[in-house]
Each structure stands twice: as C-alpha cells, then as structure tokens.
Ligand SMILES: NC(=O)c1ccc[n+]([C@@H]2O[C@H](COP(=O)([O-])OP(=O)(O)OC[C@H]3O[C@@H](n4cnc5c(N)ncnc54)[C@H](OP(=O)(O)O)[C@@H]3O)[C@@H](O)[C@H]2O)c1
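In the block that follows, a single chain appears as structure tokens, in the form predicted on its own.
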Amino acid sequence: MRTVPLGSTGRQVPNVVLGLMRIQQLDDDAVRELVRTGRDAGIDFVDHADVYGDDLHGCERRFAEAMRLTPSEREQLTIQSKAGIVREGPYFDFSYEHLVESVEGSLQALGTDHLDVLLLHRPDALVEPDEVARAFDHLESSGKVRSFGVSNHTPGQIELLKKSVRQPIVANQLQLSITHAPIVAQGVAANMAGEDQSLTLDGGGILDYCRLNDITVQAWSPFQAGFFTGVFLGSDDYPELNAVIDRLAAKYDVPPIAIAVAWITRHPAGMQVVLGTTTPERVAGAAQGSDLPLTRAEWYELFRAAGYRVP
C-alpha cells in the first residue's frame, strides 16, 4: 500500500481509505471482516461522519460495538469523521455549538477520546469563520481533534476559513472518479470556447489549489458514474471505458476495480481514494490499485474513453 502525506502534518497515510458510511446493518463479524480485509491490504485509515447511519452517529456506534478496540489497536488506526450536516433539514451548521456537540457525540459513539481528523462536511453558506475558528481551537486544545479539514470546498471557501482558522487545513474530500472528474478535466480543456468541459465548476482550480497549499485531496464515490447516478464499472452505459478497463486489468492481472482506483492514485497530487463498499472482496481488489503504475498513455486513454476531450 503506497502512502501519501496527510496535508502538512508530516504524517504518511495510505492512499486508499475505508469509508464506513454503509455498515449500520452489518453484524459484528461482517464489520470485523471488512476492517480486517482493509488492514491486511495496508488500509489503516477509516472515514466516518456523524450523519452516517439510520440514526445520528449510527455507523460510528456500529463500528465501535463491533471492533471493541483496545487502546493499542485504536492507536494503530487513523479515524476521521465529519460534522456540519443537519440531515433533518437538510441544512448545514458550522456554528461553534453544533461542531463541538457533533464531535462530542462522535467520540462517545466511537468509544475514543480523540479524532485524528475532523472534516467540515460540505460548505455552510452561512458560515462565520470566527465561529469555526473558536470550535477548532477548543477541540484542538482539549485534545479531542488532532487535525482539521473540509469536504467539497472551493478555493475561495477555504481562503475564507483561513482568515480566522489558525490550524492548517490538511484535507479536502471531493467527488472524483474516471467519469466524474471536473476537477481534473476542466484544467485539460481550459480556455476552450463552446466546450462544456472548459467550464469552471469548482471555484477556480481546486485540484491545483490543494497541491499548492499542501491539502490532501480525498476522492469520494470513486466508482460513481456521476452525482449518485450509479457505478460505471460493468455498466452498459460505458462500453468503451469498460473495454479499456478490462484490457488493462488483464494486462496488470488485477480486477477492474483496481484500474478505477489506479486512475486516481496515478495522479501526482497524491490523492486518497475513499471506498464505500461493504464487500471485503471489493476492498481487497480496490487496494491493488494503490500503486499500480499506469503509464501516461494508459491514464489518458481511460480519460478519453470516459468521454472527456483531450484537445
């Protein structure tokens, strides 16, 4: 398992992450097998959020109940969670009170005294950076959160936070797959009149911004065709792409899911791929894409086969 820097923390973390948003209905043995499969592949980084599960903190609680981590086992894992979504609305709340209350709930549900990483879960249009800064200062000084990041934020939104927040933003979790790649594709087709691909959808080059500012990009929904429109792997909607994926999978002797992961991990930004599957076999297969050496020609062939234009 290849590792990448976690922002400016000086820590190295695996470039494949075990996302646990769907474990609520799994029994203890299934949760343990899923985590064990990831650990065997070198994945010691797990991703949670307070809103994952049938009830608030449901998946965090399910994880803790199944794993029953000893203190030493806990220290071997990087546990990341997210806060900011109020799903009863739904709406977003980055107030001091909500962020602190959410983290307290996550710590109790997870049975731990700290989160390694806390992400702000999608942007809050009503954000007050001073409120976020006060929450981050409290959570850091009390030892409850060690590092902080965001998800789905634009460069301008991050800059706004940085006016008040003194902790470095170490990660930005963004949707990215071969077929849902505007953060990559826009840069390839920049300044092309009349070409939809050239439109800036992320506030001005979020991928380059993260690279320039030592912010680790975490790619969520790495197998989704679009914005929650189903997976592209094996889909009849993407025959050309799947033909290329299958040919490369045969060449490298890996399952197709590894090629989908490798398209992301091959990028020099040093991104992390956040898996959402609850199938151990898919976790093991995806992990094989961690350090798969796709050539430039192969990477661009996948890009073109997904429907993007290379001028």
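Sequential numbering from 1, following the sequence displayed. Values in this document were obtained by computation on a predicted structure and should not be read as measured data.
Form predicted together with the named molecule: not shown, discussed below.
- Using a 4.5 angstroms limit between non-hydrogen atoms, T277 touches the named molecule in the predicted complex.
- Contact check for F45: every heavy atom lies farther than 4.5 Å from the named molecule in the predicted complex.
- Under a 4.5 angstroms non-hydrogen atom cutoff, the named molecule in the predicted complex has F223 among its neighbouring residues.
- Taking the partner from the other structure, the named molecule in the predicted complex has a heavy atom within 4.5 Å of a heavy atom of R122.
- Taking a 4.5 Å heavy atom cutoff to the named molecule in the predicted complex, the contact residue among S147, Q173, S106, T179 is Q173.
- Proximity to the named molecule in the predicted complex, taken as a non-hydrogen atom within 4.5 angstroms, holds for one residue of L77, V231, A185, V165, which is V231.
- Between 60 to 68, 37 to 45, 269 to 277, 241 to 249, the stretch whose residues reach within 4.5 angstroms of the named molecule in the predicted complex through a non-hydrogen atom is 269 to 277.
- Contacts between stretch 135 to 170 and the named molecule, counted in the predicted complex as any heavy atom lying within 4.5 Å, involve S151, N152, listed in sequence order.
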